[in-house]
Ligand SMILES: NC(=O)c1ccc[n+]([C@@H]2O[C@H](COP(=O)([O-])OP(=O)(O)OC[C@H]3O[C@@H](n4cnc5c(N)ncnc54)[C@H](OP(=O)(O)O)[C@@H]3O)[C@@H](O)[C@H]2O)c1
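Only one chain is included here, represented as structure tokens and corresponding to the form predicted on its own.
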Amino acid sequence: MSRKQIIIGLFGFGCVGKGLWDVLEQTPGLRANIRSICVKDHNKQRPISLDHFTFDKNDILNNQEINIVVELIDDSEAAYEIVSTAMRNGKGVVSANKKMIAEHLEELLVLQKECDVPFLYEAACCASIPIIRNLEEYYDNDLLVSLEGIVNGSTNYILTRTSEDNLSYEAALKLAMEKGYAESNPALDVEGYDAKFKLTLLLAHAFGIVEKPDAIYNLGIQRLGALELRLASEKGYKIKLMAHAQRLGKNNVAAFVIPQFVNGASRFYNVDDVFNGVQTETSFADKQFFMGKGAGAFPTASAVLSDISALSYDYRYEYKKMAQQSFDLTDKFSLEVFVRFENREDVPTSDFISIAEKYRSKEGYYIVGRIRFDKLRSSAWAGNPAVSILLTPDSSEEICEVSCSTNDCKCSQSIM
């Protein structure tokens, strides 16, 4: 198959944009070059000639010679305007903006079909890990049972520093920001929103589920305190921010983002610093594990470069799972969780199906117990910033589907 010439209009020249420029310079066989780069700041010093830059988006969007738009900016709404206009103008698009894609996925699916243009976004999920392409191509027939992973390199770096260097959460966050690993708004990382946006995209390719990000529950790492950090150290655990998607029964999928204690038996235990790790389980191939850098200029630029290369051969996502079995998200399952709180009355034990452990000290209280996910999601105490919630080490192996409306339900059934 012959490779077509790619003429790129690039939006954004920050960490990833500059990384893309550098890797393209080292891959002449790709037959791709950047014709123009659109940026906002007229006064910022840049490492390449000003002749490459424009400050008017229409210089790219209306340029008929440019056949691919690469969008690498922070502003999700501005990014959507750029991407949708590019599609309507007949240009293929590559994007790394997970927030924009997750919030507008349904509209972008329609635009791809109406305008008959490709839209690729591998870099929006796990940077250097080609998880979307694998879900599209390798797992198109083998029925996926579950997908779980560390999909945010920034939080993983922070948690690694708390574990290996005994830093506080606050000190580790400051270090991550100094190194440029965190988003311009670090709350997107540490509160679990970035991981939720990525899980939204993965659900579309893994199970054919198209939902708004608000449908997925997320808890971040910003509530972590000294008690749970010490407990992890004493028990030989690490804490990881985990994204989960697991099939329940025939037509339901449980999906959420919650921090988790991870023990040495888990493959995620040694996924540290800015690395991401994703584990899939299928009906026939059992479990497979992917690992790679999830943050930084070159790892993310490598995924953008891979999408550009794919477009030179006219590749596009087929969203095969959407044409197969229909799945829906469900809240009707139970999990085992660790909950740390300050006052006895903060967390009523009556909200739990069962309690496995209780603890009290000068640092506060914690309990370990099994709780219905819909109860956890709707409870006022789960929204209290003074309450820390983590999954126990074996929680992802013991997600149980429930169909009754009360905690004394007798029809719980493990699907593992």
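Start at 1 with the first residue shown and count on from there. Keep in mind it's a predicted model, so treat the numbers as computed, not measured.
One more form of this protein exists, namely the form predicted in complex with this ligand; it is left out here, but the text below deals with it.
**Student:** Heavy atoms within 4.5 Å of this ligand in the model of the complex: which stretch among 89-97, 341-349, 241-249, 282-290?
**Tutor:** In short, 89-97.
**Student:** Can any non-hydrogen atom of residue 66 be found within 4.5 angstroms of this ligand in the model of the complex?
**Tutor:** Result no; residue 66 lies far from this ligand in the model of the complex.
**Student:** Contact between residue 145 and this ligand in the model of the complex at 4.5 Å, heavy atoms?
**Tutor:** Taking the distances in the model of the complex, the answer for residue 145 is no, it never comes within 4.5 Å of this ligand.
**Student:** Is residue 399 close enough to touch this ligand in the model of the complex, meaning at least one heavy atom pair within 4.5 Å?
**Tutor:** Residue 399: no, not in contact with this ligand in the model of the complex.
**Student:** Can you tell me if residue 12 lies within 4.5 angstroms of this ligand in the model of the complex, counting non-hydrogen atoms only?
**Tutor:** So residue 12 counts as contacting this ligand.
**Student:** Between 305, 173, 72, 202, only one gets a heavy atom within 4.5 angstroms of this ligand in the model of the complex; which residue is that?
**Tutor:** Contact with this ligand in the model of the complex is made by 72 alone.
**Student:** So which of 61, 382, 30, 39 gets a non-hydrogen atom within 4.5 Å of this ligand in the model of the complex?
**Tutor:** None of the others qualify; the residue that does is 39.
**Student:** Is every one of 78, 180 and 296 within 4.5 Å of this ligand in the model of the complex, counting heavy atoms?
**Tutor:** Yes.
**Student:** Need the contact residues for 109-123: heavy atom within 4.5 Å of this ligand in the model of the complex, sequence order, or none if there are none.
**Tutor:** The stretch touches the partner through 123 alone.
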